[in-house]
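Below sits a lone chain in C-alpha coordinates, taken as the form predicted alone.
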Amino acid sequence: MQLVSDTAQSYAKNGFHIFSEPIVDNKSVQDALAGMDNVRAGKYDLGRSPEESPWNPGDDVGQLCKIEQPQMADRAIAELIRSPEIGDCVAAATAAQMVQVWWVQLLFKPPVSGNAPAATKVGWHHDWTYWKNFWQDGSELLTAWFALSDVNESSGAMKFVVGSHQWEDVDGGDFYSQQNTPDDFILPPGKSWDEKFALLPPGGMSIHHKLTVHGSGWNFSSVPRRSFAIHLRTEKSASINGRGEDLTRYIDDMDICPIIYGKQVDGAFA
(Lines give C-alpha, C1' and ligand atoms only; values in the text may rest on other atoms or scores of the structure.)
Protein backbone atom coordinates (compact mmCIF):
# COMPACT_ATOMS: atom_id res chain seq x y z
CA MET A 1 0.00 0.00 0.00
CA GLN A 2 2.90 2.38 0.69
CA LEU A 3 4.18 1.88 -2.87
CA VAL A 4 0.76 2.81 -4.25
CA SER A 5 0.60 5.87 -2.01
CA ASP A 6 4.10 7.04 -2.95
CA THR A 7 3.37 6.56 -6.67
CA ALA A 8 0.10 8.49 -6.44
CA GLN A 9 1.72 11.35 -4.50
CA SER A 10 4.60 11.57 -6.96
CA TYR A 11 2.28 11.62 -9.97
CA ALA A 12 -0.07 14.18 -8.44
CA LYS A 13 2.74 16.50 -7.39
CA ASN A 14 5.08 16.23 -10.37
CA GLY A 15 2.77 15.28 -13.25
CA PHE A 16 4.80 12.14 -13.92
CA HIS A 17 6.25 9.11 -12.20
CA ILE A 18 9.30 7.07 -13.18
CA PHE A 19 9.39 3.31 -12.64
CA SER A 20 13.15 2.86 -12.71
CA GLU A 21 13.13 -0.94 -12.47
CA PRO A 22 11.83 -3.27 -15.23
CA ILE A 23 8.13 -3.94 -14.86
CA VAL A 24 7.97 -6.89 -17.30
CA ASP A 25 10.22 -9.89 -17.88
CA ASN A 26 13.17 -9.78 -20.26
CA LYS A 27 11.54 -12.14 -22.77
CA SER A 28 8.70 -9.68 -23.30
CA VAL A 29 11.23 -6.94 -23.95
CA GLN A 30 13.27 -9.06 -26.37
CA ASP A 31 10.17 -10.19 -28.26
CA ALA A 32 9.00 -6.59 -28.59
CA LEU A 33 12.45 -5.55 -29.82
CA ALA A 34 12.21 -8.15 -32.58
CA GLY A 35 8.70 -6.93 -33.32
CA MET A 36 9.93 -3.37 -33.60
CA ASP A 37 12.60 -4.43 -36.08
CA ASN A 38 10.03 -6.34 -38.11
CA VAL A 39 7.60 -3.42 -38.27
CA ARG A 40 10.37 -1.04 -39.28
CA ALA A 41 11.27 -3.49 -42.05
CA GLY A 42 7.68 -3.78 -43.25
CA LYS A 43 7.18 -7.33 -41.97
CA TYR A 44 3.74 -7.69 -40.38
CA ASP A 45 2.97 -11.03 -38.76
CA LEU A 46 -0.63 -10.02 -37.99
CA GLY A 47 -1.32 -9.54 -41.69
CA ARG A 48 -2.01 -5.80 -41.68
CA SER A 49 0.04 -2.64 -41.64
CA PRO A 50 0.17 0.02 -38.93
CA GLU A 51 -1.72 3.28 -39.35
CA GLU A 52 -0.42 5.91 -41.76
CA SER A 53 2.72 7.23 -40.09
CA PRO A 54 5.34 9.98 -40.27
CA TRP A 55 7.99 7.30 -40.97
CA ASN A 56 7.49 4.23 -43.15
CA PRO A 57 9.68 1.28 -44.19
CA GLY A 58 12.22 2.50 -46.71
CA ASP A 59 12.43 6.03 -45.28
CA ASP A 60 15.69 7.58 -44.07
CA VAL A 61 17.06 5.44 -41.23
CA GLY A 62 18.92 8.46 -39.87
CA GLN A 63 15.69 10.27 -39.03
CA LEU A 64 13.44 9.82 -36.02
CA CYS A 65 11.23 6.80 -36.71
CA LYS A 66 7.66 7.31 -35.46
CA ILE A 67 5.13 4.63 -36.44
CA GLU A 68 1.48 4.83 -35.44
CA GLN A 69 -0.43 1.87 -33.99
CA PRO A 70 2.32 -0.78 -34.46
CA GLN A 71 0.32 -3.26 -32.37
CA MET A 72 -2.02 -3.64 -35.34
CA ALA A 73 0.84 -5.21 -37.29
CA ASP A 74 2.92 -7.21 -34.81
CA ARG A 75 1.93 -9.87 -32.30
CA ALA A 76 4.78 -9.30 -29.82
CA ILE A 77 4.07 -5.57 -29.67
CA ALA A 78 0.37 -6.29 -29.18
CA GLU A 79 1.25 -8.58 -26.29
CA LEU A 80 3.55 -6.01 -24.68
CA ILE A 81 1.07 -3.15 -24.72
CA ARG A 82 -1.60 -5.31 -23.06
CA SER A 83 0.72 -6.19 -20.15
CA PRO A 84 -1.30 -6.00 -16.91
CA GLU A 85 1.77 -4.60 -15.16
CA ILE A 86 1.36 -1.38 -17.15
CA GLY A 87 -2.25 -1.13 -16.03
CA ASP A 88 -1.29 -1.82 -12.42
CA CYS A 89 1.25 1.02 -12.49
CA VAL A 90 -1.27 3.47 -13.92
CA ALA A 91 -3.91 2.45 -11.41
CA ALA A 92 -1.40 2.94 -8.59
CA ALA A 93 -0.78 6.49 -9.80
CA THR A 94 -4.35 7.52 -10.57
CA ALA A 95 -6.64 5.21 -8.53
CA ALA A 96 -8.36 4.38 -11.83
CA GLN A 97 -11.02 1.68 -11.95
CA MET A 98 -10.32 1.03 -15.63
CA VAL A 99 -7.30 1.65 -17.86
CA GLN A 100 -7.51 1.26 -21.62
CA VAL A 101 -4.90 1.67 -24.35
CA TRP A 102 -6.28 3.99 -27.02
CA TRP A 103 -3.25 4.76 -29.21
CA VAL A 104 0.38 3.56 -29.48
CA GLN A 105 3.47 5.03 -31.16
CA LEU A 106 6.71 3.22 -31.95
CA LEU A 107 9.69 5.53 -31.41
CA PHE A 108 13.17 4.70 -32.69
CA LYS A 109 15.77 7.43 -32.23
CA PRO A 110 19.01 6.68 -34.14
CA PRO A 111 22.40 7.88 -32.93
CA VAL A 112 23.56 11.19 -34.37
CA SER A 113 26.27 11.14 -37.01
CA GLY A 114 28.53 13.89 -38.29
CA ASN A 115 28.50 17.53 -37.27
CA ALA A 116 24.92 18.24 -38.36
CA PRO A 117 22.55 16.02 -36.36
CA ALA A 118 19.37 14.92 -38.07
CA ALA A 119 15.99 16.12 -36.87
CA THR A 120 15.70 13.53 -34.12
CA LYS A 121 15.03 15.79 -31.16
CA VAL A 122 11.52 15.87 -29.73
CA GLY A 123 10.54 19.45 -29.02
CA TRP A 124 9.02 20.63 -25.77
CA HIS A 125 5.26 20.05 -25.82
CA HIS A 126 2.40 18.53 -23.91
CA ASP A 127 0.15 15.84 -25.35
CA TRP A 128 -3.14 17.65 -24.86
CA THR A 129 -2.16 19.97 -27.72
CA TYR A 130 -2.67 17.05 -30.10
CA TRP A 131 -5.61 15.38 -28.33
CA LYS A 132 -7.97 18.23 -27.43
CA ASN A 133 -9.94 17.94 -30.68
CA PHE A 134 -10.88 14.33 -29.92
CA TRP A 135 -11.45 14.16 -26.16
CA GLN A 136 -13.75 16.15 -23.92
CA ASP A 137 -12.24 18.63 -21.49
CA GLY A 138 -11.51 16.99 -18.15
CA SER A 139 -10.87 13.55 -19.65
CA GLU A 140 -8.27 11.63 -17.67
CA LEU A 141 -5.61 10.79 -20.26
CA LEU A 142 -1.96 9.94 -19.81
CA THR A 143 0.99 8.27 -21.50
CA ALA A 144 3.12 5.31 -20.49
CA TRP A 145 6.55 5.71 -22.11
CA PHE A 146 8.00 2.21 -22.23
CA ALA A 147 11.75 1.67 -22.80
CA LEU A 148 13.11 -1.23 -24.85
CA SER A 149 16.73 -0.05 -24.63
CA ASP A 150 18.87 1.53 -21.95
CA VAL A 151 17.70 5.14 -21.80
CA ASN A 152 20.19 7.57 -20.30
CA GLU A 153 21.14 11.22 -20.70
CA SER A 154 23.49 10.54 -23.62
CA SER A 155 20.93 8.47 -25.55
CA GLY A 156 18.34 11.24 -25.64
CA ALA A 157 16.24 10.42 -22.61
CA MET A 158 12.92 12.16 -22.22
CA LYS A 159 12.84 15.13 -19.86
CA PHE A 160 9.79 16.25 -17.90
CA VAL A 161 9.12 19.73 -16.56
CA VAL A 162 8.22 19.18 -12.92
CA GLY A 163 4.72 20.32 -11.98
CA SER A 164 3.87 21.62 -15.45
CA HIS A 165 0.61 19.67 -15.48
CA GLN A 166 -0.66 22.30 -13.04
CA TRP A 167 -0.07 25.13 -15.51
CA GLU A 168 -3.22 24.21 -17.44
CA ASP A 169 -3.11 24.57 -21.22
CA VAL A 170 0.01 26.69 -21.67
CA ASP A 171 0.86 27.94 -25.15
CA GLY A 172 4.11 27.15 -26.95
CA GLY A 173 5.00 23.62 -27.88
CA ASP A 174 5.80 21.46 -30.90
CA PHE A 175 6.71 17.77 -30.95
CA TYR A 176 8.72 18.18 -34.14
CA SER A 177 10.54 21.39 -33.25
CA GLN A 178 14.34 21.13 -33.18
CA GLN A 179 14.77 24.58 -31.70
CA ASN A 180 12.04 25.40 -29.18
CA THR A 181 13.22 26.39 -25.71
CA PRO A 182 11.65 27.12 -22.30
CA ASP A 183 11.42 30.75 -23.44
CA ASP A 184 8.71 29.69 -25.90
CA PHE A 185 6.36 28.96 -23.00
CA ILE A 186 4.46 31.58 -21.04
CA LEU A 187 4.62 30.26 -17.48
CA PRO A 188 1.94 31.16 -14.94
CA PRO A 189 3.00 33.71 -12.30
CA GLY A 190 5.24 32.21 -9.64
CA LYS A 191 6.07 29.06 -11.62
CA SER A 192 9.57 27.98 -12.66
CA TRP A 193 11.05 25.63 -15.24
CA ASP A 194 12.55 22.55 -13.53
CA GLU A 195 13.57 19.64 -15.79
CA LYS A 196 14.01 16.00 -14.78
CA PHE A 197 15.38 13.16 -16.92
CA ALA A 198 13.45 9.89 -17.17
CA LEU A 199 16.36 7.43 -16.96
CA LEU A 200 15.15 3.89 -17.66
CA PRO A 201 16.49 0.37 -18.18
CA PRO A 202 15.02 -1.94 -20.83
CA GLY A 203 11.58 -2.80 -19.49
CA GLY A 204 11.38 0.35 -17.40
CA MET A 205 8.61 2.89 -17.83
CA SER A 206 7.51 6.39 -17.01
CA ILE A 207 3.97 7.73 -17.00
CA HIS A 208 2.96 11.34 -17.50
CA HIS A 209 -0.16 13.49 -17.39
CA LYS A 210 -1.66 14.88 -20.62
CA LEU A 211 -0.59 18.42 -19.63
CA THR A 212 2.96 17.62 -18.49
CA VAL A 213 5.50 19.40 -20.68
CA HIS A 214 8.21 17.07 -21.98
CA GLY A 215 10.74 16.61 -24.77
CA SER A 216 14.05 14.91 -25.57
CA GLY A 217 17.40 15.67 -27.17
CA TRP A 218 19.66 13.98 -29.67
CA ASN A 219 20.96 10.46 -29.14
CA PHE A 220 24.72 10.77 -28.67
CA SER A 221 25.19 7.10 -27.73
CA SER A 222 26.36 4.38 -30.11
CA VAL A 223 23.02 2.52 -30.29
CA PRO A 224 19.41 3.47 -31.12
CA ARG A 225 17.07 4.61 -28.38
CA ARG A 226 13.96 2.42 -28.60
CA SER A 227 10.59 2.89 -26.94
CA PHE A 228 6.82 2.86 -27.22
CA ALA A 229 4.54 5.72 -26.25
CA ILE A 230 1.38 4.00 -25.00
CA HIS A 231 -1.48 6.46 -24.71
CA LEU A 232 -4.05 5.54 -22.08
CA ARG A 233 -7.38 6.61 -20.69
CA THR A 234 -9.28 5.85 -17.53
CA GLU A 235 -13.01 5.58 -16.93
CA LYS A 236 -12.97 9.37 -16.38
CA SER A 237 -12.80 10.12 -20.09
CA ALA A 238 -15.11 10.71 -23.04
CA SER A 239 -14.46 11.36 -26.69
CA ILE A 240 -16.00 14.47 -28.24
CA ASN A 241 -18.01 12.87 -31.02
CA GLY A 242 -18.51 9.37 -29.70
CA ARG A 243 -16.80 6.47 -31.40
CA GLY A 244 -15.14 6.40 -34.77
CA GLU A 245 -13.51 9.85 -34.82
CA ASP A 246 -9.84 10.05 -35.76
CA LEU A 247 -7.64 9.20 -32.76
CA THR A 248 -10.53 7.59 -30.87
CA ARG A 249 -11.80 5.45 -33.73
CA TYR A 250 -10.44 2.15 -32.40
CA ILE A 251 -11.58 2.31 -28.78
CA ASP A 252 -14.22 -0.39 -29.32
CA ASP A 253 -11.68 -2.81 -30.81
CA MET A 254 -10.17 -4.67 -27.88
CA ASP A 255 -7.52 -6.30 -30.06
CA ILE A 256 -6.10 -2.89 -30.93
CA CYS A 257 -7.10 -0.99 -27.78
CA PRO A 258 -7.13 -3.48 -24.91
CA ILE A 259 -8.33 -2.82 -21.39
CA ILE A 260 -5.27 -3.49 -19.25
CA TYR A 261 -6.74 -2.80 -15.82
CA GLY A 262 -10.22 -3.25 -14.38
CA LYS A 263 -13.23 -3.61 -16.59
CA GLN A 264 -15.94 -1.83 -18.50
CA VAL A 265 -17.59 0.78 -16.28
CA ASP A 266 -21.36 1.21 -16.10
CA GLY A 267 -21.87 -1.01 -19.11
CA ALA A 268 -20.32 1.29 -21.70
CA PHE A 269 -17.38 3.38 -22.81
CA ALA A 270 -17.67 6.96 -23.96
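The numbering used is simple: start at 1 and walk along the sequence shown. What you see is a predicted model; the values in this text were computed from it and never measured.
From this point on, the text means the form predicted together with a small molecule, which you will not see here.
The partner is not drawn, yet in the predicted complex one stretch among 35-43, 207-215, 52-60, 232-240 has residues with heavy atoms inside 4.5 Å of the small molecule: 207-215. Interface membership of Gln100, defined by any non-hydrogen atom within 4.5 Å of the small molecule in the predicted complex, is ruled out. Mapping the unseen interface onto this chain, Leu107 counts among the residues with a heavy atom inside 4.5 Å of the small molecule in the predicted complex. Remark: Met158 counts among the residues lining the small molecule in the predicted complex, judged by a heavy atom distance of 4.5 Å or less. For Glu85, no non-hydrogen atom is located within 4.5 Å of the small molecule in the predicted complex, even though that partner is not displayed. Note on the partner interface in the predicted complex: the residue among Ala198, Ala76, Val122, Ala73 having a heavy atom within 4.5 angstroms of the small molecule is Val122.
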